[in-house]
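Coming up is one lone chain in structure tokens, specifically the form predicted on its own.
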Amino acid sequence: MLLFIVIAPFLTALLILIGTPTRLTALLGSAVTLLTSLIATVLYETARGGFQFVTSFPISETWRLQFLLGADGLSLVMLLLAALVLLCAVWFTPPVERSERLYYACLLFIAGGAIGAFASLDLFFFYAFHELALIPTFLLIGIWGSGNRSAAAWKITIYLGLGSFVLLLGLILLYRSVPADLRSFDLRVLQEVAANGGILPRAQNQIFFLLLIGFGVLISLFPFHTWAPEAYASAPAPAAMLHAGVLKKFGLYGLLRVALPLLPEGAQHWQTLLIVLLLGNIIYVGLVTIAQKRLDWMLGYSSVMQMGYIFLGIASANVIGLNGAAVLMFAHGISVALLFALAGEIRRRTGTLVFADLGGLGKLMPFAGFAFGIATFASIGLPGFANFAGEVMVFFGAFRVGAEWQGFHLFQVATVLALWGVVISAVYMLRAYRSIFMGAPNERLGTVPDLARTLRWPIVLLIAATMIVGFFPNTVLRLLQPTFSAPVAANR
């Protein structure tokens, strides 16, 4: 089943490239991927926990390399996110003027790369799947993007290429730091070695720093964040949905899957640095977001800012904080995908995303205004949405660190400062909603059609997902709890 989930997007892309009906094939392949992911989630035995649906094919005896797939609760949550956003991104794809088949194939390859990385238990394929997804990202921005798309495509490629190179160095050093007779790319073997003290503390410090920088560039950790806003502003809306909503979560997933469980002492050593950098994401980038005059750039900076909360949950390294980080990864993926989808439709209908040129769209596009309002409330963390559930757990998890100290601990100071990010996000999101949908319609816009009925279904899917997890967070937490409980207990 897991193997089918991984190959389904690639198989769908190949069918499109050889001549099957383009949009229909993409929708069917995406829907089947989502349905199979849901079935796997239902069949997952939470009482047993651990990696299930394990599939392996040996590749090299010398290097102990194998194509190895497996999923635990964290993997399944990310697979669901990737499959859901893929379906909605394909659904929101407008008519493509040139190379339509290549366009849809690139979308499917991005999602397939992310899905393969989330399902891989072998470090080599974990890395390789992500690298595979970078090529179609470059093509989508460079060929079908808007604005200064060529510069944006090269910028994101250079940044992510350098980040991937640093990450590769860290993974190689991790492999070499394990005793020779125990070396393996199998994450399960590496976890057992790490639990038995097989990776020395000094080596952990060096490796974790490389992984933090490598993953951090891919996530847009401050100050390595400048590629993200320009790339998302220039990318076609479906590409921005998939990259900001799904592929960028690879770095966060890597920290949760590889860096923290294998290098706990390294994580402790660099904890202060991570707190300083994540506050840069929340406070500095948040203030920059307020200053934006265009919706696409504002959403790009907003996506960077929201990563700071997830980093805070990861830095806390306790069960409640890690659970909150994982829930927030899912929640942010859903809400930012919805926002980029709506921004793309507004651009198509009005020809602009400049706040000063818009206004009054709530009267012309009432359903779009309603959907954007829901996405706004989700993004700023209103109760009842998944973002709220994740942020609350992150803040409680971070504040608990150092609770035995007299006075304020570093984590408690960071939590108080991070709470101001909620105010900042409310300012820029509500201002954007007012500028676009409130007031009198701009006469220059003329008649602007509302979203077609066919486009309302993916919006309903995304809203339903964030509200189900918001009102019933245990639907996700029951999957995540076994993933984080054992490693946290072992590292105490």
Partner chain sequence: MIPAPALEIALLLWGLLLLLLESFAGTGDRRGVAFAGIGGLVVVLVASFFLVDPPAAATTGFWSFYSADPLAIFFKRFALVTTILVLVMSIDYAPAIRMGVPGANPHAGLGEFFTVPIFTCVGLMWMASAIDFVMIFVSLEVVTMSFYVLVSFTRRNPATLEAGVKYLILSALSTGFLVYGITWIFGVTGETNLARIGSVLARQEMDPIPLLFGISLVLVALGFKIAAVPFQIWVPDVYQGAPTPVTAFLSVGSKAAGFVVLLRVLAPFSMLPQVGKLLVVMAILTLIYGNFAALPQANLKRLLAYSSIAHAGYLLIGVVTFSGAAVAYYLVAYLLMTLLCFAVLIVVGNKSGDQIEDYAGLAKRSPFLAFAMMIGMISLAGVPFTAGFLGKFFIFDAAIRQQQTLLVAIGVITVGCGFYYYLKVVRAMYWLEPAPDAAPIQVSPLSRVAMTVLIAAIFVLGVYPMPILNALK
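Numbering follows the first chain given and starts at 1. Here the structure is a predicted model, which is why all the values come from computation and not from measurement.
Omitted from view is the form predicted in complex with its partner chain, to which the following refers.
- Here the chain stands alone, but in the predicted complex its contact with its partner chain, taken as any heavy atom within 4.5 Å, falls in 145 to 153 among 345 to 353, 370 to 378, 320 to 328, 145 to 153.
- With the partner removed from view, the residue among 382, 276, 172, 413 that has a non-hydrogen atom within 4.5 Å of its partner chain in the predicted complex turns out to be 172.
- Distance criterion of 4.5 Å from any heavy atom to its partner chain in the predicted complex singles out 135 from the list 419, 182, 200, 135.
- Among residues of the shown chain, residue 223 is not one whose heavy atoms approach its partner chain to within 4.5 Å in the predicted complex.
- Remark: residue 127 counts among the residues lining its partner chain in the predicted complex, judged by a heavy atom distance of 4.5 Å or less.
- Taking non-hydrogen atoms only, residue 290 never approaches its partner chain to within 4.5 angstroms in the predicted complex.
- Its partner chain in the predicted complex is approached by residue 157, whose closest heavy atom lies within 4.5 angstroms of it.
- Taken together, the three residues 27, 44 and 48 all stay farther than 4.5 Å from its partner chain in the predicted complex, as judged by their closest heavy atom.
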